[in-house]
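One chain comes next, on its own, written as structure tokens: the form predicted alone.
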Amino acid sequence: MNSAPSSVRSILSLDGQEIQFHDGETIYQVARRARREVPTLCYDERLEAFGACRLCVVEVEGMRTPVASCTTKAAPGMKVRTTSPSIEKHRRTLLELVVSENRQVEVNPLRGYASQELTTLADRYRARNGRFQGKQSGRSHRQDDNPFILRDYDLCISCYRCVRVCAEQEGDYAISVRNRGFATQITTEFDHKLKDSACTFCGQCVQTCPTGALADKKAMRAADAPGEIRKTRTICPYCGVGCSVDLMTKGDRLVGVQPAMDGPANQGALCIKGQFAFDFVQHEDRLKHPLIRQPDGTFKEASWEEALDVAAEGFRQVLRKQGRRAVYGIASGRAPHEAAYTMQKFIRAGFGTHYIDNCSRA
């Protein structure tokens, strides 16, 4: 992750404008803060700058060649040009080369959070002109039958964001890089399937991929479904961490989940449940009404009043037969304070024990 800048401030010239910066900031960080649109494909602000794609190059007065702004520290008195005819030509040529190696550039946005980055830059620089044609890189892992992550490496541009996020953010080191040049390949140890590796299926590699080479298989089930993709910000309900997520819907159907990169608790990270375990929302077996077990073992649909009366009687019977220590309450870590207070009051005042906890400690 990029280190936090210090409080010391200096001044540089950015496209003729004097800009203050903190000691430790890179030119790219200063340029972004000054609202300059410097392109990049290998940069993720959560990761250590890599300087691989070279799209973020800028001209610095006194330096013989353009420098990668993401790995070059800002210095007092530096005079930087983020754009010029030669820089723009350089960026367009690089993009044409990148595009020439891929099977396709246009991908469905359901593939992942960052999946449109290459498409957007290719359009911005009109790089899909076929000027360069020849050998393609990457080889998709079509034998990987895991239910969550599509490994469509025909679209890989070797930016290594997936490898870096797996190592730097998750600490899993489940994927790595082998070979060089056109033979470069993202792989697991011994080229096994993901489920046989150290992968925890958190999905961070999917969400940082700028081309959709790694894609969300579950979201892609709705790729051909009618309707626009809409995003709704909410909080993951699974535990007490409170990760921010964007629910993706088409019409009235939930089709996928993406992590909120600006979520204060998770900053783009999710676990396997928050990322992929959403099918229960619309599952046909989901209970919509209370059910009361009958003497013959079957269930009968009931009103909430009937169900609550049966539950209360069940507590009374346990209390009479087994005593107060036979009842243990576990509250949801996502419940509001009022519900948590009511729950502990129910156990402590109702049964006279301290047998009460919440799932966040589980």
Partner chain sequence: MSNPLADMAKPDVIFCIGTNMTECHPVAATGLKKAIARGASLVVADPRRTRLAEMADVYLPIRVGSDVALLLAMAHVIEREGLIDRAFIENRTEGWEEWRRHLKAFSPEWASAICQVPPVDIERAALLYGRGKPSGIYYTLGITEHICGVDNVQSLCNLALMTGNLGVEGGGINPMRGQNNIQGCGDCGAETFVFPGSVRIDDAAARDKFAQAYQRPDLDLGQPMTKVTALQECGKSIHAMLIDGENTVVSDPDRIHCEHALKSLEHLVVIEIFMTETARLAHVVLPATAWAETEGVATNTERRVQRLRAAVPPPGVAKPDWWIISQIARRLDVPGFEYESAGDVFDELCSLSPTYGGLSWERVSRESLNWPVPTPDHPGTPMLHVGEFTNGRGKFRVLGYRDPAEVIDSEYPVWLTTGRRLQSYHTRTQTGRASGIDYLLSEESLEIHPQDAVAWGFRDGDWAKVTSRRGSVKIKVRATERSPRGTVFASFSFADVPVNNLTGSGYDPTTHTAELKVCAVRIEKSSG
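Just so we're on the same page, rigid core means the largest C-alpha set that superposes within 1.5 Å between forms. Since the structure is predicted, the reported quantities are computational estimates derived from the model, not experimental observations. Residue numbers count along the first chain shown, from 1.
The protein also exists as the form predicted in complex with the partner chain; that form is not presented, and the subsequent description refers to it.
Contact annotation for A340: at least one heavy atom lies within 4.5 Å of the partner chain in the model of the complex. Taking the partner from elsewhere, R348 is found to have a heavy atom lying within 4.5 Å of the partner chain in the model of the complex. Proximity of D279 to the partner chain in the model of the complex falls within the 4.5 Å heavy atom cutoff.
Using a 4.5 angstroms limit between non-hydrogen atoms, E37 is distant from the partner chain in the model of the complex. Each of A312, V318 and D357 is positioned with at least one heavy atom within 4.5 Å of the partner chain in the model of the complex. Residues of just one listed stretch (181-189, 71-79, 206-214, 253-261) have heavy atoms within 4.5 Å of the partner chain in the model of the complex: 253-261.
A heavy atom within 4.5 Å of the partner chain in the model of the complex is found for exactly one of L94, V105, A114, C243: C243. Interface residue among Y160, Y153, Y125, F201, judged by heavy atoms within 4.5 Å of the partner chain in the model of the complex: F201. Although the partner chain is not shown here, in the model of the complex the stretch 128-156 places heavy atoms of D144, D145, N146, P147, F148 within 4.5 Å of it, in sequence order.
Core-aligned CA deviation for T65 between the shown form and the other one: less than 2 Å. After superposing the rigid core, the Cα of L14 is displaced by less than 2 Å between the shown form and the other one. If you fit the rigid core between the shown form and the other one, you'll see the Cα of A225 move by less than 2 angstroms. In the model of the complex, the CA atoms of H289 and Y238 sit farther apart than in the displayed form, by at least 3 angstroms.
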